[in-house]
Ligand SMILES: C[S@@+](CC[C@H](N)C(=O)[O-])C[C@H]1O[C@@H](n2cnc3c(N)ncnc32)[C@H](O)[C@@H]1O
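Single chain ahead, by itself, as structure tokens, in the form predicted on its own.
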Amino acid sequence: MSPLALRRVEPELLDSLPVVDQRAIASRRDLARVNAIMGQARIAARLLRDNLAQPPKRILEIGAGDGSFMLKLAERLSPQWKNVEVVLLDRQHLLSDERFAAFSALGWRVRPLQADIFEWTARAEEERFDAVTTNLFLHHFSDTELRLIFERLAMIAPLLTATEPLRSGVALFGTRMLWALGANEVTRHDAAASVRAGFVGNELSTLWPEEPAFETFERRRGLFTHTFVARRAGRRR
């Protein structure tokens, strides 16, 4: 059996480093470059456009990090989507004043939410969003944990879009070339771990709850990205 035939979720170094650790700061810069190379913002923006019939008023990003990825989405979407409130959920508070100002300049209102995904979703039954989006986050969790996350997210939004690592030999080989970009040891370790924990086929769809009724779609995008969409049944693109 291929070593990539089954998901393998491993601890990633960045998750255990203090926010101010220089290796963590460098790795977050590396991740911004990796996202650009993978075309994640372009892919994620298209998923949202294709699956929202009307401009959203409220978006939740889970695993938002320092907000840099959502800012890239906002830059792409704000010409058509005005006055959006975006809630950025992460265990750490990494949003700078400069990033706040950048969102504001685009006409988007941003609210950082420092919380654990499980603790927050357990008490978020009254929250409502037009969409939940996430990038390179779901692969951190086991199938059992993902089932719980999906069950709770299905109650607060009619749409989830995700851009995740593709679990493939080509993607794993790509992580071995990150040294050429000057990526540090944290990024190189975590990139390989991310691929081994990534997704193929309909693995995420099988974890989505049967109720309430949603349609799910998964596909490979490019060499390195696996996309997932869960859309409440009956909603038009």
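The structure displayed is predicted, hence computed values, not measured ones. One-based numbering along the sequence shown.
Beyond what is shown, the protein has a form predicted in complex with this ligand; the following relates to that form.
Enquirer: Heavy atoms within 4.5 Å of this ligand in the model of the complex: which stretch among 153 to 161, 74 to 82, 128 to 136, 101 to 109?
Expert: Heavy-atom contact with the partner occurs in 128 to 136.
Enquirer: Is there a heavy atom of residue 64 lying 4.5 Å or less from a heavy atom of this ligand in the model of the complex?
Expert: Residue 64: contacts this ligand in the model of the complex.
Enquirer: Considering only heavy atoms, tell me if residue 10 and this ligand come within 4.5 Å of each other in the model of the complex.
Expert: Result no; residue 10 lies far from this ligand in the model of the complex.
Enquirer: If you check in the model of the complex, is residue 122 within 4.5 Å of this ligand, heavy atoms only?
Expert: Answer no; every heavy atom of residue 122 is more than 4.5 Å from this ligand in the model of the complex.
Enquirer: Tell me, yes or no, whether residue 168 is in contact with this ligand in the model of the complex, where a contact means a heavy atom of each within 4.5 Å.
Expert: Outside the cut-off, so no.
Enquirer: By the heavy atom within 4.5 Å rule, which residue out of 31, 204, 60, 195 makes contact with this ligand in the model of the complex?
Expert: Of the candidates 31, 204, 60, 195, 31 is the one lying within 4.5 Å of this ligand in the model of the complex.
Enquirer: Heavy atom within 4.5 Å of this ligand in the model of the complex: which residues of 70 to 93 meet that condition, in order?
Expert: Going through 70 to 93 in order - heavy atoms within 4.5 Å of this ligand in the model of the complex - the hits are 89, 90, 91, 92.
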